[in-house]
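Take a look at this single chain in structure tokens; it is the form predicted on its own.
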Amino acid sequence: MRPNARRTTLADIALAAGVSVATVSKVVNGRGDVAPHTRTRVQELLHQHDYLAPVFRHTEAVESPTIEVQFKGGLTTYVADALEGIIDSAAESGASVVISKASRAPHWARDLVSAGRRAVIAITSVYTTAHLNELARSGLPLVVLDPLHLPDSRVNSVGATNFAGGLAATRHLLSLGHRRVAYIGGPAMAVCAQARMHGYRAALEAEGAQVPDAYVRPGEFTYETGLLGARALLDLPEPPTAVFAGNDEIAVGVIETARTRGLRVPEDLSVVGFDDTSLAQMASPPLTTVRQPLREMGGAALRTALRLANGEKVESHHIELATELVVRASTAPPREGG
């Protein structure tokens, strides 16, 4: 739209569609008493003319702003813990939350605005430049929780000290006497996975321990990655005596592979996870892991989203919360000679 172009009105849309202004208003406000073919025609014209419902004109009178929370993939323990923090913080702030699977349907951001959303929180989702442009055109702030890729300067994000967590996990294994320590992580290009892996390498290199290429195995943040990665590691001529896993699901997969090979954890193989989800406490044995404060991260994301929705400025585009090593029963000194 040209800088001096006149804003499209409901009357313009009504004239183009051959319907009344009242009918267009019903479509914009999500009323159900409009014929399907008429609704489709009006919606197409609204999108063509970049019509944005003036939902922000009365925001001061809105007592319960609504935030859209999107996630991709399954409802893992990681996602569930983050959602709990978002929901708890929303309740304290008097906000409402709508949870959905990440959608990239045409005009999805504009549809969210029309539905009354004030901001979007994305959990480990990837947004392209086109997605960010659509959000910007729609006036919807975005906050990404634990971003997988380096965020655009327009994106606010909340994460954790992943490098420090990887460093602490590996130092713990070194302190027990392990020198053959492997790493099974998430996607090689994921920022959080890279940071954890760099922390792992930094700890080993500081002690003069070798890091064979075969000891570093990227994958996905899934149980299956742990199963397959552990199989490959244990098949090596000189297998590791300890594994640092990029998250708790990977770690549980490693433990299961060790069990099927007749190996005991931690007597024969030590395992450290990352996240400290409920899965870590339910694992057998209970999992030593790096606690990522997922509930607190969710709360910080919700508060940031509300500030942005209210037109406030935030001090930093990226917030990092501290990680902490939680020692349980899945790590022990290696067998003599290990």
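Note that residue numbering follows the sequence shown and begins at 1. Since we're looking at a predicted model, the values are computed, not measured.
Separately, the form predicted together with a further copy of the same chain exists; it is not shown, and the next lines address it.
Participant: Name the stretch: of 197-205, 112-120, 235-243, 159-167, exactly one has residues whose heavy atoms fall within 4.5 Å of a further copy of the same chain in the model of the complex.
Facilitator: One stretch meets the cut-off, namely 112-120.
Participant: Evaluate S96 for contact with a further copy of the same chain in the model of the complex, applying a 4.5 angstroms cut-off between non-hydrogen atoms, and reply yes or no.
Facilitator: S96 belongs to the contact set for a further copy of the same chain.
Participant: Does T38 make contact with a further copy of the same chain in the model of the complex, using a 4.5 Å heavy atom cut-off?
Facilitator: Looking in the model of the complex, residue contacts with a further copy of the same chain do not include T38, since no heavy atom lies within 4.5 Å.
Participant: Is there a heavy atom of R259 no more than 4.5 Å from a heavy atom of a further copy of the same chain in the model of the complex?
Facilitator: Heavy-atom contact with a further copy of the same chain at 4.5 Å: present for R259.
Participant: Using a 4.5 Å heavy atom cut-off, state whether M189 contacts a further copy of the same chain in the model of the complex.
Facilitator: No, no contact at 4.5 Å.
Participant: So, Y127, L148 and D276: all three within 4.5 Å of a further copy of the same chain in the model of the complex by heavy atoms, or not?
Facilitator: Verified in the model of the complex; spot residues all out of contact, no.
Participant: Among the candidate residues S100, Q210, S153, S175, which is the single one with a non-hydrogen atom no more than 4.5 Å from a further copy of the same chain in the model of the complex?
Facilitator: Flagged contact: S100.
Participant: For the stretch 280-303, which residues lie within 4.5 Å of a further copy of the same chain in the model of the complex by non-hydrogen atom distance?
Facilitator: Result: Q281, M282, A283, S284, P285, P286.
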